[in-house]
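Encoded as structure tokens, the following chain is the form predicted on its own, with no partner shown.
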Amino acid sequence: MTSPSYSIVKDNDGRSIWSFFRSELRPKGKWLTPFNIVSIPIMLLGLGIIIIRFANGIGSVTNLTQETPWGLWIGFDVVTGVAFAGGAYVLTFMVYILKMNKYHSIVRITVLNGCLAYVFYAGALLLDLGRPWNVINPIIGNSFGTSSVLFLVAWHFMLYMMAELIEFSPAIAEWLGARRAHKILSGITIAAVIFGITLSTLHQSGLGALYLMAKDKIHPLWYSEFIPILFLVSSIFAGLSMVIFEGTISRKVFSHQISKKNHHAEKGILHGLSKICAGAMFAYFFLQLLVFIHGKHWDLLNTPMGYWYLFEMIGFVLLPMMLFYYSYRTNNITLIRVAAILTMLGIILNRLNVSVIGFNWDTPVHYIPSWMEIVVTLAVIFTEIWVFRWVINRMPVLRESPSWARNEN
């Protein structure tokens, strides 16, 4: 009698599901690449540090204290990372709601990037909790109740990961050849998109709302009652800048998977994204200007922190905004990419200024992340890239869907 696990379920080539997965788990391509040589040791070292962290406590590998409980793992991995993942909700809104179909070819890779970002940054959040087993508390509203901002952010975060997984699930169904599942999942994509957009706008601003409770700890130049709005608006151009940056690299690394039609459409896509980024950055800069004038912080500009604030606003908001606008008018693709990189650096700087650099800015001892915190952050990023690359090489993300899936549409 034949074992049912190897005979009942077959893929299109007659192989068993288990044989299919074993073949898919095998590495594809060269192993000795510069990226692999750099990333593998860092990921292994990061794994060792994570084991030490859970064995000996968070204080054994970080420089966090009771006065500064949130550091690099929150400021960069979560607060900054979520802003970069904003491209998913912006693009799905543009394609599925506004019917801007010229961006359709980059929706899947953007949603994949956003989904992985949320999964990995949620994992990084566990590292930062002194008692990670209490991670369930924000979800059930234990101790502080359901009116807490953290309760809302936790639920938005969790539900949005599910929504993004549903949005990406047709690609998984195409990879597995699951035609019936593909039809069902494709049918609920629009509902998942609308739900995801709603959740994303709420938790992007919700992350900013968390810092409303730290008025006495954040430097006045970065604290404002409008932080939630600023976080939401900045997530638009942060996410799209990540789309430009990630798309540029993907089109070089995975060029063989992209059709000629989509290759030719790249310039038009970047041209359109630069226009949106310029508009969103203008709105953000104008809001920041209003907040600054309303706060009457003119005297703080002639201080070291004031110079740092001007460096952020002029060098990483005003300058890339002008570059986006100029590159849009002149159709200069190189400048669009330069502006995207500057914008990403500016988002990193802004989020770290709010959560780390400008946090407890007037205390005698300032928090500086340990080398182990930096290694773990790099390990998380590299692991995400490895998973991203694995998915791209196996699923129809950049390449066209199989003919049976296209015929459904």
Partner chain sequence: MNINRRIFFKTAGVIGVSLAVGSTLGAASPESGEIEFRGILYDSSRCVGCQECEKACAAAHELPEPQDEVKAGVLRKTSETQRCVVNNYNTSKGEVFIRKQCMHCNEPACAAACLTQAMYKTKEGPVIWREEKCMGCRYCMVSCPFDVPKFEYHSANPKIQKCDMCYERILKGDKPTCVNACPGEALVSGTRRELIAEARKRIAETPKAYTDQIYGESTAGGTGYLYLSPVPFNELGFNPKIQNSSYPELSKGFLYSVPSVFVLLPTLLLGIHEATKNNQSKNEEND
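Positions refer to the first chain, counted from 1. The shown structure was predicted, so the numbers you read here are calculated from the model rather than taken from an experiment.
We do not show the form predicted in complex with its partner chain, though everything after this point is about it.
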{"property": "Among the candidates I58, M43, L342, I50, the residue which, in the model of the complex, approaches its partner chain to within 4.5 Å (heavy atoms)", "result": "I58"}
{"property": "Single option in M313, L185, M161, I197 placed near its partner chain in the model of the complex, where near means a heavy atom within 4.5 Å", "result": "I197"}
{"property": "Y223: touches its partner chain in the model of the complex, heavy atom cutoff 4.5 angstroms", "result": "yes"}
{"property": "Contact of K217 with its partner chain in the model of the complex (heavy atom, 4.5 Å)", "result": "yes"}
{"property": "Contact flag, F382 vs its partner chain in the model of the complex, heavy atom cut 4.5 Å", "result": "no"}
{"property": "Distance check, L287 to its partner chain in the model of the complex, heavy atom within 4.5 Å", "result": "yes"}
{"property": "Interface segment, criterion being heavy atoms within 4.5 Å of its partner chain in the model of the complex, picked from 345-353, 360-368, 35-43, 374-382", "result": "360-368"}
{"property": "In the model of the complex, residues of 90-108 near its partner chain [heavy atom within 4.5 Å]", "result": "F93, Y96, I97, L98, K99, N101, K102"}
